[in-house]
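The form predicted alone is given below as one chain in structure tokens.
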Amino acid sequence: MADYEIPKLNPELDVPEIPALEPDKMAGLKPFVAAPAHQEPLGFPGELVDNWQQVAIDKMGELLGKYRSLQVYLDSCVKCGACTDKCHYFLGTNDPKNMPVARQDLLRSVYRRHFTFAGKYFPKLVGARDLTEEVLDEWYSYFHQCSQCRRCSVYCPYGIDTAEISMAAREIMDAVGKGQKYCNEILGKVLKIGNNLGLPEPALVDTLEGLEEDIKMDTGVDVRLPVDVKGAEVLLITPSADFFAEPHIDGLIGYAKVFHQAGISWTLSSYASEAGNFGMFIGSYDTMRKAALRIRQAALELGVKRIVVGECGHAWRVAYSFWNTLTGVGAGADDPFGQMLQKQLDPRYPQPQHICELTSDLIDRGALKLDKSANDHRVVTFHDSCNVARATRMGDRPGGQFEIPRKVIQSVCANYVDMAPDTIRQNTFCCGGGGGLLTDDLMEIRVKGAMPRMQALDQVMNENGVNTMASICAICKSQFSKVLPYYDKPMHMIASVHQLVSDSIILGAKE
């Protein structure tokens, strides 16, 4: 199946052991470089600029001045070792440069050379390096072996966030003309058409009409998946994976059934049909803002009262953590269009809401009739997606991002089991495909990075008979669909949470 070694699972462990080091084992693994056609629409140079070293140093200085946290993170590491074995990519590859501290040092060494007194005058004493082509090559390789999952920051006594350092490194590389094809090509489609797939309005409408027919054949009930309906109560912003692949489609059908049965009018937008925002992955807040502004414009034009985000981890992180400051979507907006939207939105829902929050609230109010026995063939566990777990909340209390999805699952399934405590909730392992790594040219790092999650999953499969792993992230679902067979597990065992809801919900007249 693969021309590289697949990590072995130890059925006696829930968390992998610290591996023996294999220096530079993954040095040759790199994603495809973006072509000019992918770079230029985002405002980046089409190829490596002639004076790229100076441009890179100037960009680093700009970021250090703009984001105080970046300099704090680069200055505060004391090499204590708390993070060394916390990265799924290090545990799966054995490459010491995939230790979070070592990956940080790839950027920190150049920072010290150009922005600290000791590095300028005594570089060897403080591990400072000049920015050479060899160093740039290391950056391009290893900063694309980081999914920005932030697990290392949970264990760091100083709270150093490797994700911010990875984002900064990628932004610098884009600025000199060495961007990643996968992310930048996708962002170009979003800015031009409105979704990651480049799916135009006629194709989107045709796809949704086909799903409506499928639901009618399956249930006998007319459940709509509406597009561009002005005056609808809810604007659903969901990952475009929900339109074309399993198990994502099954989750979209679940959303539609929930809205239908609860009597909530809703719509998708053909102009802004994408919840995902890869601007975060490349560290470009400007690009992230441009993509998010499409959502604000769609909400204003359609006159909706509430914005709901579908099952996508980084989409929810961007909505929860960035929409407000980037676009004024959310309470506290201070720009004219943001304030206009706040006046338009229902005051009970001034912030974006996750689909799991909406479904959980409906369950609490008895607005949905559910038949758990429809899922009796499943023993379910839940994969906490890293961006949801460590960068957001749900509901009105801390920890809601952990409790609400589990409550929804347990409301529709009788058989539920959590994986080991050190591998879930805020300690969750990344799926291995996040952060802009969900591309076939990085398949080796994706397979190896998935090993810690496969280890924990293997344990509950063996001990508890788990046969379904639910997720609320499109990237996680896509990643697991691809890597589960590498570990001799069925690819169909990954499911959307709302796929489980869809199977259990009873449609029809309310009693």
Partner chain sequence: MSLLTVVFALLFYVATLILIGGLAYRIRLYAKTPAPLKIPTMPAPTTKSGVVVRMASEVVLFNSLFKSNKWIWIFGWMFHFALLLVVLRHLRYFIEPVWTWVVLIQPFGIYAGFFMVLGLLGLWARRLFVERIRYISGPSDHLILALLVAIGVSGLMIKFVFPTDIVAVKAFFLGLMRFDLQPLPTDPMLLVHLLLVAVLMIIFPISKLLHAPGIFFSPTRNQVDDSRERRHLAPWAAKLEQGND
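It should be emphasised that the depicted structure is a prediction, and the values quoted were computed from it without experimental measurement. Positions refer to the first chain, counted from 1.
If you look for the form predicted in complex with the partner chain, you will not find it shown, but the lines that follow are about it.
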Checklist outcome for this item: In this chain shown alone, the residue from A118, V417, I264, L191 with a heavy atom within 4.5 Å of the partner chain in the model of the complex is A118
Checklist outcome for this item: The one residue among N324, S360, T423, S141 placing a heavy atom within 4.5 Å of the partner chain in the model of the complex is N324
Next on the checklist: Using a 4.5 angstroms cut-off on non-hydrogen atoms, would S153 count as touching the partner chain in the model of the complex?
Outcome noted: yes
Next on the checklist: Can you work out whether N464 and the partner chain are in contact in the model of the complex, taking contact to mean some heavy atom pair no more than 4.5 Å apart?
Outcome noted: no
Checklist entry - Does any heavy atom of G159 come within 4.5 Å of a heavy atom of the partner chain in the model of the complex? => result yes
Checklist entry - Taking the shortest heavy atom distance, is M217 within 4.5 Å of the partner chain in the model of the complex? => result no
Next on the checklist: I have L302, R406 and G508 flagged as a candidate spot, so tell me whether each of them has a non-hydrogen atom within 4.5 Å of the partner chain in the model of the complex.
Outcome noted: no
Checklist entry - Which single stretch, out of 428-436, 364-372, 337-345, 173-181, brings residue heavy atoms within 4.5 Å of the partner chain in the model of the complex? => result 337-345
Next on the checklist: Suppose contact means any heavy atom within 4.5 Å; which members of 356-393 contact the partner chain in the model of the complex?
Outcome noted: E357, A389, R390, A391, T392, R393
